[in-house]
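Below you'll find only one chain, the form predicted on its own, shown as structure tokens.
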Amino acid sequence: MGQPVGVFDSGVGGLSVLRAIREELPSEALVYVGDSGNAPYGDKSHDFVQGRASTITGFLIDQRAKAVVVACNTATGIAVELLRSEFPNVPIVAIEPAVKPAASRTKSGVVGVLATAGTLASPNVTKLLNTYGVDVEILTQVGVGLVEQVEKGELTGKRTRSLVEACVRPLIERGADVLVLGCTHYPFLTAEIQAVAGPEVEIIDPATAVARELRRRLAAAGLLAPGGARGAEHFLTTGDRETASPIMSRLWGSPISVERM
């Protein structure tokens, strides 16, 4: 395997970003780490999240990663500056809630942002909301319980629907016509979120933008894999491998082998 691109998340949610990267860059080798043993990050301390982000990034670079994608909004908000100072020679591409495009696309003037408590409390996201919340109203909502449902692979069902209802309905009732998915786990619940929000509400997932930015950064550094064969994929978890394998296979869309990190 050539030098891979490393991707990590607090758990299985970052597979939504990995999927977009695979589509955009079919020839790149990919290594994914899901820190499911410590998920969710949203309710953890800043020091804890920074420590995990630094440890996993170091691990990926030890695996010869030529670039690292932080596929976790909470880790981006809390740790990305630290990672860029600790690992200055490796391009680090990070995800953040797509508030800017949402602000330009709302017709009602009201945007809803669904994210974890940790993401919404981070300085980066506070700055984002202040920057783009001048001309539009930005409502924020903690997606209580949603990460846990995705980690368990429960993407539908009564419990999942009631959690989605509790998070999404208040935003819609206050006029939001665009919803920003500010956690990489949430795209796996898009069908449930859309069902509650209604067909006229636009849902924005920033994964495609991250994949394009990764392509741009790799090209600028002369690191793009040559075209041709599909790149290999390597999946790791810090959680229980037996539990993670079927859930990650389902979210990825085909059977995969998951190793323990």
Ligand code: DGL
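From a predicted model like this one, the values you see are computed outputs, not experimental measurements. In case it trips you up, residue 1 is the first one in the sequence shown, and so on.
What comes next is about the form predicted together with D-glutamic acid, which is not displayed.
Contact annotation for residue 40: at least one heavy atom lies within 4.5 Å of D-glutamic acid in the predicted complex. Taking the partner from the other structure, D-glutamic acid in the predicted complex has a heavy atom within 4.5 Å of a heavy atom of residue 183. Among heavy atoms of residue 147, some come within 4.5 Å of D-glutamic acid in the predicted complex.
Of the stretches 212-220, 226-234, 191-199, 65-73, only 65-73 has residues with a heavy atom within 4.5 Å of D-glutamic acid in the predicted complex.
In sequence order, 116, 119 are the residues of 111-134 having a heavy atom within 4.5 Å of D-glutamic acid in the predicted complex; the partner itself is omitted from this view.
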